[in-house]
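One chain is shown next in structure tokens, namely the form predicted on its own.
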Amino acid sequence: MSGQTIDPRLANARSAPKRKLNISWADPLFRSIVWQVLIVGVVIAIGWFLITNTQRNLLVRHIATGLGFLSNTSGIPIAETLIPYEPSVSTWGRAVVEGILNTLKVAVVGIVLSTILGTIIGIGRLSKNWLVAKVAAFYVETLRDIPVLLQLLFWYGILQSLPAPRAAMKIGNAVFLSGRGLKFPLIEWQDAHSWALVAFLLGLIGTIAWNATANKKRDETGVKPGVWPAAVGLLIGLPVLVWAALGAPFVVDYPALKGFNFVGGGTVTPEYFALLLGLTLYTAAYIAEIVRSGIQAVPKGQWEAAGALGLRPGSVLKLIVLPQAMRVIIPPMTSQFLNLTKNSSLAVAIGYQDIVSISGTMLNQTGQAIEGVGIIMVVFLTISLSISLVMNWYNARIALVER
């Protein structure tokens, strides 16, 4: 069309002929292809040599290889289990799955708690209150400078020094804290609770969809429909309705002292509590600095402009500053999430049976050293890549888009 103009560079790029490959060492394109082929070939050759040499040495020493041993009975007790496990019946494969779940239990809960605590402390460091700022700074500078292994041993030692179950500290007759861990009431899980959980997840999906629709209507009309009424109905009303329709079962299992220990209820063992506490407090110190630096990276003009509009400091932080700071905070915070996950391997020092501890026992009893170490590597690599994938997706979602 006559009214349109075409960028000359774009027109030249379209009309330029494709460059032909010359089979000559003087051609840079040919040289780059040759070097890439050679490098890939060398890597493949080294890998093939290492694999065949390892197989030959294992065969000479009559060392069995493969993952067939995972179907053998394990015979090792596991103190904390999330799935049914019997040492005399369960296999090594099931023991490995239990170790993976125990590792995830520490990593997921630790990431959530350290993020919340680190964010609060990071904001506290910027507080105009002198005492709050100094206490937050003391926390950061102290916990960052103490090795995490020493912190784990410190908290484990404190928990082990708590009184015996008969002299346990208690809140009413429901919660007890002793050297055997924390005991608390637990609801007996039934089918109605499972269906209520499904209803909650469906309600969560519906809430997210309605929030997206409300944002779209706000962009079109300038008025955003209410989200909270729908969220309350979907997240609370729907699960309660399903639970009530299935008989509304509600049986609480309270811990009770029998003999030298408690029975019933839920338990948080000293090993898990010490590991979770140590990793959370240590990682939160680094996250606090990340949050502080991210907030300070937002220009002061944003604060001043929001203040001129009459917004309170809390609203300015929540609605204006933190959304912009997230673009600076997310990349280094991803590294801290990965560090917390990898540091969970220190659980073996305090007796918590995670994937490292269980695989180490399996390695010693079966002699499958390569397979045992390989399982640990694959597990941590998978967890770390999953965290990176989620955080990179979120980082790309909140990134500034040029128009």
Partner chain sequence: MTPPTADVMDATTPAPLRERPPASVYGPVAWMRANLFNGIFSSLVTLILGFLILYGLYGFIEWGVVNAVWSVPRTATGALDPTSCRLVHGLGACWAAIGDKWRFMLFGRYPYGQQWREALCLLLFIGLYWVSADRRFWRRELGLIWVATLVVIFTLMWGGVLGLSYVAQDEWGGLPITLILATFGLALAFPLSVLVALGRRSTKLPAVKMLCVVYVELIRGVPLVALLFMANVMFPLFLPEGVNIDKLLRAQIAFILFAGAYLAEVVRGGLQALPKGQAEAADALGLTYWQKTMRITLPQALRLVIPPLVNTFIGFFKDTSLVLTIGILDFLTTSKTAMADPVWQGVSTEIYIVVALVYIAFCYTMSSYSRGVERTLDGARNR
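Numbering follows the first chain given and starts at 1. Nothing here was measured: the structure is a model prediction, and the numbers come from that model.
Same protein, other form: the form predicted together with the partner chain, not shown, and the subject of what follows.
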Is there a heavy atom of Glu188 no more than 4.5 Å from a heavy atom of the partner chain in the predicted complex?
-> no
The partner chain contact in the predicted complex: Leu346, any heavy atom under 4.5 Å = yes
4.5 Å heavy atom contact, Tyr139 and the partner chain in the predicted complex | no
Verify the contact flag for Ala45: yes if a non-hydrogen atom of it lies within 4.5 Å of a non-hydrogen atom of the partner chain in the predicted complex, no if not.
-> no
Partner-facing stretch of 242-250, 218-226, 297-305, 127-135, counted where any non-hydrogen atom is within 4.5 angstroms of the partner chain in the predicted complex = 127-135
Non-hydrogen atom within 4.5 Å of the partner chain in the predicted complex for each of Glu86, Ala174 and Asn211 | no
Answer with one of Leu162, Leu149, Leu113, Leu101: the residue that has a non-hydrogen atom within 4.5 Å of the partner chain in the predicted complex.
-> Leu149
Which of the residues spanning 363-393 lie within 4.5 Å of the partner chain in the predicted complex, based on heavy atoms?
-> Leu363, Ala369, Ile370, Val373, Ile376, Met377, Phe380, Leu381, Ser384
